[in-house]
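Shown below, as structure tokens, is a lone chain in the form predicted on its own; questions about how it binds or moves come after it.
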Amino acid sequence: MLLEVSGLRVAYPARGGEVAVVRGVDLAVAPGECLGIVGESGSGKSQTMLAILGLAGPGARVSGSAIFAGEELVGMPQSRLQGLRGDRIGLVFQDSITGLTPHMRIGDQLAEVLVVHRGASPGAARAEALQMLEVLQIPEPAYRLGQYPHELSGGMRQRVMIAMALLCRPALLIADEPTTALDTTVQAAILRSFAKLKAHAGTALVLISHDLGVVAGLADRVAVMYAGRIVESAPAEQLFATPRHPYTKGLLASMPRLDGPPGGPLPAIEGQPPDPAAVADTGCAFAPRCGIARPACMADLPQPAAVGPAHRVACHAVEPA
């Protein structure tokens, strides 16, 4: 495996103690594989990846293990993490306007990646940056190099961030909601770029998204998170065809369908996601919203169990294989 995460826990200081936002996450990503991580806002998707890369913040307490290409990331010195980020591990954040430096031209920001991580000359770095913009089909790429971030559309800024993440040909790319607030044609272009990256460069991809359609079209495997834990994981085709956890079923049922009645109400999961400060380490966090909860769900924390080939579910109401 390229990335192996086990027992990852992330907590922040709070009045009277601390609040855990990631509660024992286990996951793995193989070279050239796309892992989709889905769940409602606040489920811990982004915090998991930020913690792995030392970006959870100065107050965060991170424990567990995250081994990337044989190196332990949890507890790694920041100087070494900075060397990995942007080089062997690429990052694409959701907010493109804050992910780029506003007072630097696009060409300077792109070239800086290769100058810092690969020791390239400014001229060579700029030429490679231009080539990457062409690969990502940004119109008038030479002209864009001289522009500032605020002069680009949201879709162009997002593709610039992807170009920046890909310049060093990373072994792993982490994309956090990369298509949010973009129109469908730009979304399609970005997803095609990711697919080509997987197929031709062998880059592994972690795709964090609330858009199940995006994940279904690109991911090889999917992990479903709720209240800081992974409640179901399976090959993508299997998970979308036969979801087993009640939360996963609720997410899929709430997706709009082209064959559904026009103008009809969309199904929704009742209730609201829990406040992280109110989630205990006993019982299932989804139980208050679950239609098939039983007494054991309130008392005992369900552990992931195999329900099929490479298919694991953490639910007392689902019988193991």
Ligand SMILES: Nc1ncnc2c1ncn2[C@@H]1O[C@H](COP(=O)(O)OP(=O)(O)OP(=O)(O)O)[C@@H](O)[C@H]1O
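The structure displayed is predicted, hence computed values, not measured ones. In case it trips you up, residue 1 is the first one in the sequence shown, and so on.
Beyond the structure shown, there is the form predicted together with the named molecule, which is absent from this document and is the topic of what follows.
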Partner-contacting position among P267, P31, P288, G57 - heavy atom within 4.5 Å of the named molecule in the predicted complex
G57
Tell me, out of E128, E177, E112, D87, which residue has a non-hydrogen atom within 4.5 angstroms of the named molecule in the predicted complex.
E177
Report whether the minimum heavy atom distance between G44 and the named molecule in the predicted complex is within 4.5 Å.
yes
Classify V25 as contacting or not contacting the named molecule in the predicted complex by the rule of any non-hydrogen atom within 4.5 angstroms, answering yes or no.
no
Might P273 be said to contact the named molecule in the predicted complex, defining contact as any heavy atom within 4.5 Å?
no
Contact stretch among 291 to 299, 278 to 286, 44 to 52, 65 to 73 - heavy atom within 4.5 Å of the named molecule in the predicted complex
44 to 52
In the predicted complex, do Y12, V21 and E40 all reach within 4.5 Å of the named molecule through at least one heavy atom apiece?
yes
